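Here we start with a single chain on its own, the form predicted alone, put down as structure tokens.
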């Protein structure tokens, strides 16, 4: 161990490779055909299905489940893709327990909803295994649209625009497309390179030119895009991370959770990825849970999620909280960081207990120190910089209707736009709807 020891006790190879492989196996394995048939048979096929209302992309869920039930999974996939071209990814990462499955009549009656997410994966995987693309481009319009960001919103927008006959130039700052799906989601939710496979499949429609390593404001300006194209869609997400704002934040071992997750997702050898012995994650969202669970799966001995508010106020779903607890992650509520202690490298983190009072959050005067050689910040992301001429609200681009910004010919959607809930499925809906509005604007 000594030859692998890093400066502050963060080391690679805490677990053997076979254990790591088992730990990072598919969280929700695919249905076998007979399992899908049994699961589909539980659906009541409600006429006024509440699950559809609960779906941000408004997929006709009873219809696609009926299509699976009668042995037509590829027809079911078309029903899904008509509304959500990233239905394969959403089937894996969407918080169905808070959306469609929570609204399921079976959930209300029995406490066990129809497994909509896994059924959706069954259908979409069947279609994606086929050669060719299920959609064809419309007649070319002669119009060109620039899409910034190859994440869920940008991909959904680009695909719909290509379907409608427009030429699309898709710009992304990273080496790989996919955005959050490729860099920001736990590896056990999307194993075996699914994110890239889905992007390659999506681009199969044609008419989308992908430009890697092009960051808005660094390599290309909004004005240049406006001059070169008939419309612009901004879906670049949020590149900045909020500061901890506590002494010791600059110590070795303190880093952003999103960077840790990105490194893990791009690692060819998980055994080579360093992880601390005692890990503390600050935050209460999905990113915090993903960082915490994966730290535990990499071999950290103790992992703690420290959230400043109550369990009920945590934005991570109950399922994600239970998943973390089941993997041995400790969840602490009503605590916030005071300082990171250690001689150059993190050794402990000091937390202050909090309480809600007079509409705000107040410290109680009690503090606690816990061992922490690695501290991950998962306390929200911010827009790195607003392009000139755009109005911000709440730190995001202000939009109206289907993503219209204050600049003529410029739309925005996904995490960088105000009003959403920072979910992959919502970003897809916003990208799709913006594309339809762009099309209407360009062809009227």
Partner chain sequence: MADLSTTFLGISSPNPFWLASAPPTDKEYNVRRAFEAGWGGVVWKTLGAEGPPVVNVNGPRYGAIYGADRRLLGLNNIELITDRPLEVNLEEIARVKADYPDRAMIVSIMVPCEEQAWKDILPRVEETNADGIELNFGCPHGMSERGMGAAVGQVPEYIEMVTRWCKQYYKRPVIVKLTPNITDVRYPARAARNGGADAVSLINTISSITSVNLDTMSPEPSIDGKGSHGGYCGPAVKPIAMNMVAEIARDPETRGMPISGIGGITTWRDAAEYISLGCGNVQVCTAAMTYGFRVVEEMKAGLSRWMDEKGHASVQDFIGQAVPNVTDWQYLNLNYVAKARIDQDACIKCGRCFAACEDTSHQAIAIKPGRVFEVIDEECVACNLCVDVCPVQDCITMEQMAPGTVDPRTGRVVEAEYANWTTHPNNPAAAKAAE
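Just so it is clear, the structure is predicted and the values come from calculations on it, not from any experiment. Numbering follows the first chain given and starts at 1.
Another form, the form predicted in complex with the partner chain, is not on view; read the next lines as being about it.
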{"query": "Residue 41 within 4.5 Å of the partner chain in the predicted bound form, heavy atoms", "finding": "yes"}
{"query": "4.5 angstroms heavy atom contact with the partner chain in the predicted bound form for residue 361", "finding": "no"}
{"query": "Heavy atom of residue 46 within 4.5 Å of the partner chain in the predicted bound form", "finding": "yes"}
{"query": "Contact flag, residue 50 vs the partner chain in the predicted bound form, heavy atom cut 4.5 Å", "finding": "yes"}
{"query": "One residue of 105, 271, 209, 325 in contact with the partner chain, assessed in the predicted bound form (non-hydrogen atom, 4.5 angstroms)", "finding": "105"}
{"query": "Answer range among 375 to 383, 33 to 41, 408 to 416, 393 to 401 for contact with the partner chain, defined in the predicted bound form as heavy atoms within 4.5 Å", "finding": "33 to 41"}
